[in-house]
Every structure is written in C-alpha cells, then in structure tokens.
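Subsequent text provides structure tokens for two forms of one protein chain, presented individually as structure 1 and structure 2.
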Structure 1
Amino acid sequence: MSVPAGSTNARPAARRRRRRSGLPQVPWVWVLPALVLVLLLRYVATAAGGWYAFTDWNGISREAQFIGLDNFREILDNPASRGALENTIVLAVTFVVAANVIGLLLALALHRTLKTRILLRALFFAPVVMSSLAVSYIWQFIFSYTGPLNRFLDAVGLDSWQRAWTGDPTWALWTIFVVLVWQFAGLAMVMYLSGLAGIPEELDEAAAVDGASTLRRFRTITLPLLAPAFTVSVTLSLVYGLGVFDQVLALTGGGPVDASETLATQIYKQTFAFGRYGYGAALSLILTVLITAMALAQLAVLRYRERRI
C-alpha cells in the first residue's frame, strides 16, 4: 500500500510546531496550589470581611453578634461617615477630570515637536514613581502657613489670600486634590503618549492637506483614535481616586473637623483607632461596591463608545 507523500514527516513537524509555539504544556494540577492559595488569601478573606460588616465584632472577642443592617444605618445617620462618602466621590470625580485633561495636554505638547521632549517627559513622569507619603509631606510644607506658597503670595502683594491651607475646612480637601493631580497627571500623560504613537502621521497630514484646522483634526482624528488609551487612563484614575488614603492621612489626617475625611480614612480610624471592626468592615464593603460599580459602569460606557468609533 502506498504511503502519501510527506506523511512520514507529519509527526516530527507537529512536534516542531509545538516547540516553536512557546513553553511546553503543563498539567493543570500544577496550578492548583497557587490557585487555592489565591482563593484563600484574597477571595475567601474578602467574603469573610463582608460577613463581618453585618456584625458588631470588636476585633478581640471570639464571637461576633449578627446585627443585620445596623452598621449601614449608622453610616447613613453619622455625619462624619456620610461626609466621607461625599468627599470621596467629589475628590475622585474632580481628580479624574483634571488628571486626564492635564495628562492629555502634556501628551499633545510633548508628542513630536519639542527637541527636549524626552527630558520633559521624564520630569513630568517622575512624581508617579515617588512615594505618596514623601510627596504628601513635601506638599504639607508647601501649604503650611509659613511655607513657600504663602511667602509667594505675600511677595506678589496677595497677602490677603494667605491661610493655613490644610487647616482650613474650605480648602483642606482641595489641597489633597492638588497633590493627587500633581503626582499622577504624568501617568495619564504616558498612556496618552502611547496612544498617540499608534496613530499614523499620514492621517493627520492628509487632513491638513485637505484644509482641516488643527482643532478639527484633533476632534475628528486624534481624539477618536485615543479612545482605548482614554478608557484605560480614566478607569485607573477613578479606581485610585476612590481609594485615596496616603495623601489624606499625611496632609490633613481627615481634618479639620472631618472636612477632608474619605471612606478610606474612615475605615482606618473606625477599625484600628476605635476598635469597631464590624463598622469598619461595613465601610469597606461600601467602598468596594462603590469602586466596582463605578469602574464597571464607566468601563462599559467607554468600551461602547470605542466600538461606535
């Protein structure tokens, strides 16, 4: 019986293709130990924390009494916790808008034209890799009553604007906003720079030849093609803004008079300072649900807009 041409080499060729395709196949049983460890340390622990939100556990006693929704009712009735929720949302939304607008403007300015763009990119991105606590303590000195900001205002004749910025209930939350934007606008810049690098220059040049203005080219070509970078940057900045903690603790400690409290600082204080682990777990559950819901909703809207482009 005749053998089809090339059939004798079929198996060696298949083995060679498998070798070229990447790493050798590993049995799934080898993954189980790591998978079980992740489930126990992350998801089971998170579920247990969610259960404690419905108890009055103090973190010491062996038993926790189930109290239903009492913790959540107290959160809604407590001005400090309710104010922390409002501050968290306001801070996150304003931070997302400002950081992404500034990051986009920096990316457009440093994309192709300037000769020193590599150095400027590094300078603007440098705060991102710095410790949040170190950055916050530097800005705390800047915002202090005898700090550089008030000295500058005095030097230019605006001494009536001087104030203890982090100690003023009206401005304390906005000092945190300034620090967040200063530190993380560079991260948005890098994301938009990567998106701009993927846009063919020929599209912009062709539109310019056809007589389209710079603004029109940006609105009809650049901005739509930046949609994937916009989705990633906005989602990440929203998640970070909702969970901000280091900057609040270092700059204002949540004060004055709870004016700059966020959910993260309330969780810390109620759990570790006051020993109310059940109440702190309830706040944590609210923060987790808030981050998840807002991030998924925003991601769904942005992905939908990407598909329509």
Structure 2
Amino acid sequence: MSVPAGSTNARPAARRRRRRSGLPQVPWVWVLPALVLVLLLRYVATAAGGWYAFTDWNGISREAQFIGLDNFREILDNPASRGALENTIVLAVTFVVAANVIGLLLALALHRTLKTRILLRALFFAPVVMSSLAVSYIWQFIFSYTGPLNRFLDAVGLDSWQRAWTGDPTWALWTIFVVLVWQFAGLAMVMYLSGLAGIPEELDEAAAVDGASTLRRFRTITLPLLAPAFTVSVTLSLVYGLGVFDQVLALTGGGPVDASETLATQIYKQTFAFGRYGYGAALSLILTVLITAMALAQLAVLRYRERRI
C-alpha cells in the first residue's frame, strides 16, 4: 500500500472505498430507461422545438424553412396571438395573487382551534382533485345568461348587471379567473397549512409573552417563517396559471372573438387546427421562456431567503 502521505483527501476516500467494498456497485444500466426517455422527450424535443420556432414548418413537409424572427413578429402583429400573450400574463398574475391570498387566509383560519377544521380543509381542498375541464362546465352554466349568477343579480335588484358572462369581451377572461381561483385556492391552503405546521407553536407563544400583539406576531413571526411555503405556492400557481388551457376551452373557447385566448389555447389551435407547427413552436418558446424565467426568479428568491434563515 502506498498512500501519498501529503494528501489530506486520501484517507477519507480510502475509508469510503473500503466501506463500500461489501456491496458491488449498482450498474449504470439501471439509469438507462429513465435517462433515454428524459433525454429524448425533454431535452432533444425541447431543442428541436426551439429550432422549429424559427421556421415555417407545416408539420407535413419534409423540410422546414428558416425564417428568422418572422414568427415572433407575427405573434406581436396578430391580434389573437398578441392578445393571448397579454391575457396569459394578466390572468396568471391576478390569479397568483388571488389564489395565494385566499389560500393563506384559509390556512390561517383553519390552522388550529376550530373543532371542524379537518372537515373544512377537506371541503376547500376537494376541487383540487377534480378535472378542471369537467368543473368548468358547471361554471359555464353558472355564468350562462339564464344561469344562477344572473338570477341572483336579478333577485337583489342588480338586473342591469346581467349579461352573458362568458360571451362578454370584457368579462370572459374573468370567468376563467374565477374558476382558476376556485380550484387552486384549496391547494394553496394546503401548502400554507403545511408551512404553518412547520412553525413551532412555542415561537408564537414566546412572542406573545414577549409582549407582541396578534397582528405583530403574524407580521414578525408567522409571515417570515412562512417564506418557503410562499415561494413554493407562488411558483406552482404561476406555472399553472401561465399554462391555463382546460378552463378556457370549456368556458369560452377563447372567445368572444379571441378575447380570452391564452398562449396554451393558441399553441393548440395554431399547431393542431391550422397546421402551423413553426408558429406554434414560436408560441411555445415564448411560454417556455415565461415559465422558466418566473420559476428561476422564484428559485433565486428562495435560495436567498434560505441563506438568511
């Protein structure tokens, strides 16, 4: 045995090797199936999609023509696509705020004390497990001209507010917003509840004995310690909101006159209905950049906070 005496790393490494010798190495072959799937379907496909975004490929012809930024120029010129981009951002941002505020409030209300909190949590969480396409039809009925919402407005004397909500250019987008929040708030609640459960009750008690009022305890103890839950919930809702599709298709179909198109519905329509694969890929690239940028920004904030705690 000739172990170089000067090397400080030599000894732990040797020990590690010896410790391992009892077990044969796990063969690399075992990673292959998963690896091949992910390499092909995620990496290669994404790279190819990035290339198609700059072509005019129609999905059928053997070759695709490189057309530079033409697709992107058209996205900005085409009212449907440009509207879709704007709608997606507006919808995602408002949805993230609303779903997280409601989810956080629900979590705070249902964290302790209430006798029926388990039941109530289940009631608010239930929509999360439902097919968002299927539940959207219930909401389409609620928002329909002869539906419950208008009847309710009539009953309380606000009949002038009545309208075909999903067919109204201004309101169509907001019906999607309502369904999104209704379905997602329960999930945000559960994430905040698990964040709250991770804060020792003692800290709250200590702060109370230290003389902090309820509001101050929430602001200086609960909220900062909830930061990780915030990041996760906000990131997840952002990704969900930016990719919204099912609700749009069921409630408005993107209408009226493209007023409620989103990037995902545009990708679907342009690619698979109109056969404009290159254009669809360009839309996908925009969506991908949006999602990645937002997710990375969130992740950076998380890391920053983690280092601080």
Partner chain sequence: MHRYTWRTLIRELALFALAALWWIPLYFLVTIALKPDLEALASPLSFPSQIELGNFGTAWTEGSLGRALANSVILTVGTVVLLVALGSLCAYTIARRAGAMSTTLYLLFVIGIILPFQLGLVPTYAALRELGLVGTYLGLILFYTGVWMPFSVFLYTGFARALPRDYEEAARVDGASQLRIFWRVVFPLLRPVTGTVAIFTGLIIWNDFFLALIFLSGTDNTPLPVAVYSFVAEFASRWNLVFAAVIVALLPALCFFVVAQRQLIRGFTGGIKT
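For numbering, take structure 1's sequence and count from 1. Given the structure is predicted, the values throughout are model-derived calculations rather than measurements. Under this definition, the rigid core comprises the largest set of C-alpha atoms superposing within 1.5 Å between the forms.
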*Just flag whichever of structures 1 and 2 is the form predicted on its own.*
1
_C-alpha of L32 off by 2 Å or more between the two structures on rigid core_ = yes
